[in-house]
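Quick setup: one chain, the form predicted alone, written in structure tokens, and binding and motion questions come after.
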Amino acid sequence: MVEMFLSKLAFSLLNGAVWGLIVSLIALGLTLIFGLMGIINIAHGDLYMFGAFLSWYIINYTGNYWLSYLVPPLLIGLLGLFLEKEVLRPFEDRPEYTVIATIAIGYILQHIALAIFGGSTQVVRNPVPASLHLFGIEYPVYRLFAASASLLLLTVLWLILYRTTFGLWIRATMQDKEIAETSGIPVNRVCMVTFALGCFLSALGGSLAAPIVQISYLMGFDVLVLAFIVVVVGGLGSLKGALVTSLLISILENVLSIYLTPLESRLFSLALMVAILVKKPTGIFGRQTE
């Protein structure tokens, strides 16, 4: 009995860490967009969904898994460039309009996916049908690959943000757009590229998750809810908060799922979010504004 519990616990902890790293990519994209532009991107989950569907399509028709990780994020990133410049920029500094605009974008993406890929659930074949013996359990190698790829990309993103000139521009624009602009930083270009980067990360999360989850045109909603929980609890605009909180919540929900249903586990996460925000309204890593 104890051995069975420990096996379930080990499997849940590993699953939570893997899913937490994938979610952190999505949540980091969301918090970058919000922190820089003040845009609550309701379409973020649907960009994740479209990345997963494009990966499924590429794998089905080419059999090339590497293309499925490269092409969808690039296409969605290019779409992000267009959306920021042509759809969202006219509503700059009007958050209620950007919420409505991103809701509309999300609905459009859902209906495009429904028209092209159909309403039935799709499954991507496991690209690495092997497992490793870890902590007394057999664990799929692909999930470890997805976690490692996510961790590598998070490291690259950190290096971009804190070791490059463009990263300095992003952080300066997050602090104060007006001062950044008067300092010679091309704020509009920074916002456009950063929004595209956020879209890229969401689609990449979908591509990595495609062999793990069932793909449907409504799959973005659950991920959007989880990403918002992560961003709010971690602290709006906090990259460290998004990473740490995504790991904590994903591991917590997976461990709770040993005895609770997925819905009950998610309700527990929501209750925890409320309790944290009551105690610290700015989130765990959020900074109090004057």
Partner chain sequence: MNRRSFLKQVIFLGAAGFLTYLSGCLGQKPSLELQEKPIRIGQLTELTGGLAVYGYSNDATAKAAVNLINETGGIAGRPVQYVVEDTATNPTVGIRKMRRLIELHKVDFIIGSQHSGIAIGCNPLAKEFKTLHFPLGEATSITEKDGNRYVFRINNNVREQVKAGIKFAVEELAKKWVTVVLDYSWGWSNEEEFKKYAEQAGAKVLLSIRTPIGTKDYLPYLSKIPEEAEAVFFANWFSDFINFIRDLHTLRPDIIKYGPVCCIEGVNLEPLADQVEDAWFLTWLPRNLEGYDTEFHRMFREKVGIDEEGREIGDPSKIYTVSHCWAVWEAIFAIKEAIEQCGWESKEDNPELIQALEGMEFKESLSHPQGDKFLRAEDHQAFMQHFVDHVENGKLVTKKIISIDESIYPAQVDYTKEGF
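Fair warning: this is a prediction, and the values are worked out from it, not measured in the lab. If you superpose the two forms and keep the largest set of C-alpha atoms that fall within 1.5 Å, you have the rigid core. Numbering follows the first chain given and starts at 1.
One more form of this protein exists, namely the form predicted together with the partner chain; it is left out here, but the text below deals with it.
Residue L114 is the only one of A104, L81, A172, L114 with a heavy atom lying within 4.5 Å of the partner chain in the predicted complex. For the candidate set I212, L74, V99, L154, a heavy atom within 4.5 Å of the partner chain in the predicted complex is found for exactly one residue, namely I212.
Only one listed stretch (190-198, 145-153, 81-89, 114-122) carries heavy atoms within 4.5 Å of the partner chain in the predicted complex, and that stretch is 114-122. In the predicted complex, no heavy atom of D93 sits within 4.5 Å of the partner chain. Using a 4.5 angstroms threshold between heavy atoms, E138 counts as touching the partner chain in the predicted complex.
The closest non-hydrogen atom of G63 lies beyond 4.5 Å of the partner chain in the predicted complex. Although the partner is absent here, S269 lies well away from the partner chain in the predicted complex, with no heavy atom inside 4.5 Å.
With the core superposed, G63 shows a C-alpha displacement below 2 Å between the shown form and the other one. In this overlay on the rigid core, I42 has a C-alpha that sits less than 2 Å away from its partner position between the shown form and the other one. Put the two forms on the same core and the Cα of V225 is off by less than 2 Å between the shown form and the other one.
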